[in-house]
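First comes one chain, alone, set out as structure tokens in the form predicted alone.
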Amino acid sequence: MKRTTTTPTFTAILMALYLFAGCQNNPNNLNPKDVVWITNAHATLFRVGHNQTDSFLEVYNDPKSKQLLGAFFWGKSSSVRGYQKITDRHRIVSLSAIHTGMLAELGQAKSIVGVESKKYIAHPALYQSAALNAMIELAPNGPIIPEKLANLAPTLLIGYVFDIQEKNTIERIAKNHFPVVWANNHLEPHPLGRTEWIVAMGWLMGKSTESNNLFQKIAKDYNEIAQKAKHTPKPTVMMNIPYNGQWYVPQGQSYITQFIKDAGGAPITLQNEGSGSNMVGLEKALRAMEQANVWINTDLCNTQRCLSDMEPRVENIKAFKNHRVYHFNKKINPNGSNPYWDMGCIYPNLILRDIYNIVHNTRDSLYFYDLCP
């Protein structure tokens, strides 16, 4: 039998026609190139996009590896290869007070059936509300209780990766039952990057216009404050408190360091690289901070006496001597929940304005912060 030969070019044409025909016959096998991805302003750990039939959300692990944690879609298509379909948002479990606050901000509080713990939720639309009372606590005093999560039968879970074992437990329960969106906004190095996750939440909830408008308004105010701070003096700012012979000092690319820079301060970091914190020996930390002009974020210490009782040598710090020490517990609720964390993530412009006023020693209309007497 005579063997028929085919040129590589002709073979490529045949394959292209075959693939095109396949796509035409099955519109659910979408080519990722069909998706128009929207460029984020600051956030690095998610992206949203759309085509003529569907909307898409991808979430990633951390700013360095950008490992894909999940890919989701919703819309007219019955399936999209590589993406999990979200079909129901009426029973949501939210494992972060910040995500819960974002959902409440978008008017979705009644869809939340389960939370990690109520004691961390301070959003004014939820705190002491009927909606919060109806929510089931899944981890009130520690790890997630698997039986509670399974029995709650959510249709969507929004969480953050803080423990691999717990992540695996949640994914095992969720398998073939409900999608899990890992929203690691706490790893975003810029405060506005953390806030921009409200755009992802809005996209997910069908509130893309509302969430985008809210983010743009917040970002505009934030950037105006940062612009005003550019040409001001740069007093040095120290952060946090000593604990068990160590001092957790934020690194140079952490979000709190960015706050101080944008407020016109010079943060004491001891390490330029990294977006977390360094555990620094007490002696080294005290030497580095001795001439600090301002001291912020004193945890639950609301007085200078509390700080000196913890470590008497802090009395030698310039900021301590000049009574320029500030805590962020001004609005703390009777149950201990602090809106600095959830509302402050949604509205970082309010935190920035506070730090700007503190750094420049105006102390005008502080919202989250207050002076340690």
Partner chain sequence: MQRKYYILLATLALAALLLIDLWPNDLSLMAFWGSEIFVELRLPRVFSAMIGGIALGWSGLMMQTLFRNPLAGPFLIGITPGATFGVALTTYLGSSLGLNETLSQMAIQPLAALGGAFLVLGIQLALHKKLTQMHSLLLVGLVLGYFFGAAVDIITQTAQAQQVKQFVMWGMGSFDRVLLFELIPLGLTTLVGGLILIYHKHTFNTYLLGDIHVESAGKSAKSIRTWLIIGSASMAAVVTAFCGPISFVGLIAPHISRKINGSESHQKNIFTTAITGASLTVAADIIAHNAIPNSTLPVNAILSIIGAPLVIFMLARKH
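These numbers come from a predicted model, not from an experiment. Numbering follows the first chain given and starts at 1.
Form predicted together with the partner chain: not shown, discussed below.
Visitor: I'd like to know if Lys119 sits close to the partner chain in the predicted complex, meaning any non-hydrogen atom pair within 4.5 angstroms.
Guide: Result yes; Lys119 sits at the interface with the partner chain in the predicted complex.
Visitor: Please tell me whether any heavy atom belonging to Asn278 falls inside 4.5 Å of a heavy atom of the partner chain, as the geometry stands in the predicted complex.
Guide: Residue-level check for Asn278: yes, a contact with the partner chain.
Visitor: Looking in the predicted complex, any heavy atom of Glu147 within 4.5 Å of the partner chain?
Guide: No, Glu147 stays farther than 4.5 Å from the partner chain in the predicted complex.
Visitor: Can you work out whether Asp163 and the partner chain are in contact in the predicted complex, taking contact to mean some heavy atom pair no more than 4.5 Å apart?
Guide: Asp163: no, not in contact with the partner chain in the predicted complex.
Visitor: Identify which of Gln84, Thr232, Thr155, Thr303 has a heavy atom within 4.5 Å of the partner chain in the predicted complex; exactly one of them does.
Guide: Filtering the options by heavy-atom distance leaves Thr303.
Visitor: From the list Asn133, Ser78, Asn244, Thr209, which entry has a heavy atom within 4.5 Å of the partner chain in the predicted complex?
Guide: Looking at the other structure, the residue within range turns out to be Asn244.
Visitor: When the partner chain is placed as it is in the predicted complex, which of 177-185, 197-205, 67-75, 282-290 ends up with heavy atoms within 4.5 Å of it?
Guide: Of the options, only 282-290 has residues within 4.5 Å of the partner.
Visitor: Quick one: name the residues from 304-332 with any non-hydrogen atom within 4.5 angstroms of the partner chain in the predicted complex.
Guide: In sequence order, Arg305, Cys306, Asp309, Met310, Glu311, Pro312, Arg313, Asn316 come within 4.5 Å of the partner.
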